[in-house]
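To begin, one chain is listed below as structure tokens, in the form predicted on its own.
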Amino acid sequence: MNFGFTEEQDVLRAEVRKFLDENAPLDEVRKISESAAGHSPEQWRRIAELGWTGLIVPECHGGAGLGAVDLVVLLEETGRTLYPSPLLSTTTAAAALLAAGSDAQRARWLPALAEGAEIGTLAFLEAADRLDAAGVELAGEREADAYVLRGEKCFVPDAGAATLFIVPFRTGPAPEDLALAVVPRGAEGVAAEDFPGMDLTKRIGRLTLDGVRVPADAILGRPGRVWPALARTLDFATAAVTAEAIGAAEGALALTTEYARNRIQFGSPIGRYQAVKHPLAEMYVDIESWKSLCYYAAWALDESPDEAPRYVSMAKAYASEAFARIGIDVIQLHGAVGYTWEFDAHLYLKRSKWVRPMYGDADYHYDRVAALGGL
């Protein structure tokens, strides 16, 4: 069995890294993340032309037709530079359409997502902050062949930039009485905005639905039978966040290792001291450990769906804990300058704080692994 990446995946990684090195060094990332949009519209058009936005979209709908493992390669590189863009959100919206949409619905929305004309996002979480079916409390009122939605979705990734929202809502009292609505930003009664967050490279916000009418042709799947597709989409999104965390942690490690080589104390680089090199070694081991879990989870999403939930949760649980430790250690190993705005160390700490709760923290995923194992 070949556990390595293919030649095509290595080429993809090299091309993505080249683009980001040339167009998104950390000083440029700072400027983009501090802008009103939170991403660069010009660069968004360019990465769409490069095929990033349509990586998992089938070729018949204008995409590259690749899988989750290929996406991991891409997201590792965007994570490495903390690249601010709605790429992860848009890809998750495409995954929801692939999992639950009909052929006609895929043909209607996937091409626009693949070419970057639409920015998509999955608006799942509500005030209950639960990632299971019972966490969806937004109720849809039946009106002829349509549903009317009134309520709010919280912690929506890229809410301010998104033009297309995938919205789970409830059609009845039973846990499985769910449906998925495709809601365009311009629909009457839709309001979305970002709210202030710690990590400016990852915008998050609120979606408000005030009497939004969703016609039958904008309902994905059959009401009452969409939870399996929605659960697969959540696993996909969780694996994607974990993949970006790999790159971000590797970027943090590289930054700190370089500092340890160049910072002279008592006539010697501080990297020679055990108090510095041991934490760096532990960072490396942690990254390699959840990287292996994430790679297998991505493979399972494509090739062994029954295994995917367990390995997705194992990878995310490890990443949530380890990356948080890495973020703190990066600051400490930089010493006093690690706390300053001018140094980039704090950017990685902030990303680790964003990753930790996104699509479930370590406690949630450890509990899920135990439950999936019959405990």
Partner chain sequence: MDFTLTPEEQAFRDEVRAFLDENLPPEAERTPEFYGTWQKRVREKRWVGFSWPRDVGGGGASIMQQAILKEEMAKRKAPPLGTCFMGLAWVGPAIIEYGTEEQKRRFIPDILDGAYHWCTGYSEPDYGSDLASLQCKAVREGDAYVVNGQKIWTSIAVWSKWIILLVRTSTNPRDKHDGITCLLVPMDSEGITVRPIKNMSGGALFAEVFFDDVRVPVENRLGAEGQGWKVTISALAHERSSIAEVASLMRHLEGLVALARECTRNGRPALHDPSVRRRLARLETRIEAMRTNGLRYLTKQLKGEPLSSETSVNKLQRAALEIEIGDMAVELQGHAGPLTRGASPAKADGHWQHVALAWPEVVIGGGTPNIQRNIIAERILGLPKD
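Here the structure is a predicted model, which is why all the values come from computation and not from measurement. Positions refer to the first chain, counted from 1.
One more form of this protein, predicted in complex with its partner chain, exists but is not displayed; see below.
Participant: Is Trp354 a contact residue for its partner chain in the predicted bound form, using a 4.5 Å heavy atom cut-off?
Facilitator: Output for Trp354 is no: heavy atoms all beyond 4.5 Å of its partner chain.
Participant: At the 4.5 Å heavy atom threshold, is Lys291 in contact with its partner chain in the predicted bound form?
Facilitator: Within the cut-off, so yes.
Participant: Might Ala281 be said to contact its partner chain in the predicted bound form, defining contact as any heavy atom within 4.5 Å?
Facilitator: Close contact exists here: in the predicted bound form, Ala281 approaches its partner chain to within 4.5 Å, heavy atoms only.
Participant: If we define contact as a non-hydrogen atom of the residue within 4.5 angstroms of the partner, is Thr257 a contact of its partner chain in the predicted bound form?
Facilitator: Yes.
Participant: Look at the candidate spot formed by Tyr295, Arg310 and Met314 and say whether its partner chain comes within 4.5 Å of a heavy atom in all three of them in the predicted bound form.
Facilitator: Yes, because Tyr295, Arg310 and Met314 each have a heavy atom that approaches its partner chain to within 4.5 Å in the predicted bound form.
Participant: Since exactly one of Ala218, Leu164, Leu253, Val190 fits, which has a heavy atom within 4.5 Å of its partner chain in the predicted bound form?
Facilitator: The residue in contact is Leu253.
Participant: Answer with one of Pro111, Gly151, Gly271, Pro223: the residue that has a non-hydrogen atom within 4.5 Å of its partner chain in the predicted bound form.
Facilitator: Only one option qualifies, and that one is Gly271.
Participant: Of these, 140-148, 193-201, 210-218, 260-268, which stretch puts a heavy atom within 4.5 angstroms of its partner chain in the predicted bound form?
Facilitator: Residues of 260-268 come within 4.5 Å of the partner.
Participant: Sequence order please: the residues of 110-135 with a heavy atom within 4.5 Å of its partner chain in the predicted bound form.
Facilitator: Read in sequence order, no residue approaches its partner chain (within 4.5 Å, in the predicted bound form).
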